[in-house]
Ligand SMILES: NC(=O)c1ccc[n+]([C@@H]2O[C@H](COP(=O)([O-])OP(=O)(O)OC[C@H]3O[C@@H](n4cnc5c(N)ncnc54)[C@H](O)[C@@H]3O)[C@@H](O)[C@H]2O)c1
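Okay, so here's just one chain, in structure tokens, the form predicted on its own.
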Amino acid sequence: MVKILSESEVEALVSVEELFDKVAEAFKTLSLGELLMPPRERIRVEGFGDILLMPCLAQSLGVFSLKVVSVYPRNIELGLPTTNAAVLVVNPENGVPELVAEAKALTGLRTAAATALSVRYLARRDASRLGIIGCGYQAGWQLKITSRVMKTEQILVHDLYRERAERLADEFRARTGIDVRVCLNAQELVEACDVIITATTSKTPVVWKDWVRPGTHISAIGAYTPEMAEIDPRVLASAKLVVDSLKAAREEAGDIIQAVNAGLIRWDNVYGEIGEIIAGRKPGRLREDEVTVFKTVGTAAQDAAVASILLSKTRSR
């Protein structure tokens, strides 16, 4: 019988420690070629948004997962979530579907884990100021998980919709006691922060090179199509650039694709995949003054990582 999990059940079943371990394993096996992850299928619904199909066979994790996720930026105007998702989990040993779960929380958890892992391997150890540009659904997860892996003394937030930024700041401040402040513009945030997360659907950069201080780490999670870009290509040209999947980045990472097309960088300027660093095949940050950028378009391997946790917990019930 197929088990069905709600968003609240997904949240309750996944611990942060397991999340880090499983997502790190997924990235490592992805970089080592030990799982099967077909390209993400993007179906454009003209005038509305995107529907994405994301399959992954991760035998080391004991799962096949298929996530269907929609990203509809105009939903903000309708009072609806920008992102919605569900995941189907199949036992790869017998082909039997075992689990269907609402996957907004799953997506938030695995995307935040990717940022947190990038901070662990690429940010300065004394990083204490965390900033996020884009205060939609992903933002809460990003702050919750990433603040666990750095000495977070202050958080700065910014969004084109100021009320969203204020709501996020109020909620996170009340829940954690951390000093959270709303910035009136992105420049103010970037110039002040050690770690910057961009979580927007922007088609023009929201982080510019002149604002970025030496030693900054940036996790760019928002742009997932060739038309989107959050980071000034001049930042990419001068930074240590790490991706989740080079194959996926070539297809979808608009920040990098546009920089390559403009002749500012080449694909061989990409330092490597985060899984190579986790596996010890390449070092992470080498100097205190390095600017590091982690560009993630989101991978089905990350979904499989969280799916494996859910499957393990529901089987033991």
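In this text, rigid core is short for the largest set of C-alphas that superpose within 1.5 Å between two forms. Predicted model only: the values in this text are computed from it and were never measured. For every residue, the number given is its place in the sequence shown, counted from 1.
Absent from the display: the form predicted in complex with the ligand. The rest refers to it.
*Asks:* Let me test this: is every residue among 55, 65 and 102 within 4.5 Å of the ligand in the predicted complex, going by heavy atom positions?
*Replies:* No, the candidate spot makes no contact with the ligand.
*Asks:* Among 188 to 196, 233 to 241, 133 to 141, 118 to 126, which stretch has residues whose heavy atoms lie within 4.5 Å of the ligand in the predicted complex?
*Replies:* One stretch meets the cut-off, namely 133 to 141.
*Asks:* So the ligand isn't shown here. In the predicted complex, which residue out of 157, 206, 89, 218 has a non-hydrogen atom within 4.5 Å of it?
*Replies:* Contact check passes for 206.
*Asks:* From the list 183, 169, 228, 145, which entry has a heavy atom within 4.5 Å of the ligand in the predicted complex?
*Replies:* Of the listed residues, the single hit is 228.
*Asks:* Quick one: does residue 24 come within 4.5 Å of the ligand in the predicted complex, counting heavy atoms only?
*Replies:* Residue 24: no, not in contact with the ligand in the predicted complex.
*Asks:* With the cut-off set at 4.5 Å between non-hydrogen atoms, does residue 200 touch the ligand in the predicted complex?
*Replies:* Answer yes; at least one heavy atom of residue 200 falls within 4.5 Å of the ligand in the predicted complex.
*Asks:* Considering only heavy atoms, tell me if residue 10 and the ligand come within 4.5 Å of each other in the predicted complex.
*Replies:* No, residue 10 is distant from the partner.
*Asks:* Is there a heavy atom of residue 309 no more than 4.5 Å from a heavy atom of the ligand in the predicted complex?
*Replies:* No, residue 309 sits far enough from the ligand in the predicted complex that none of its heavy atoms falls within 4.5 Å.
*Asks:* Within 87 to 120, which residues come within 4.5 Å of the ligand in the predicted complex, counting heavy atoms only?
*Replies:* Stretch hits, in order: 107, 110, 111.
*Asks:* Residue 215: after superposing the rigid core, is there a C-alpha shift of 2 Å or more between this form and the one not shown?
*Replies:* No; that C-alpha moves by less than 2 Å between this form and the one not shown.
*Asks:* Indicate whether residue 225 shows a C-alpha shift of 2 Å or more between this form and the one not shown, with the rigid core used for the fit.
*Replies:* For residue 225, whose C-alpha is compared between this form and the one not shown after core superposition, the shift is less than 2 Å.
*Asks:* Determine whether the C-alpha of residue 100 shifts by 2 Å or more between this form and the one not shown once the rigid core is superposed.
*Replies:* It does not, since the residue 100 C-alpha is displaced less than 2 Å between this form and the one not shown after the core fit.
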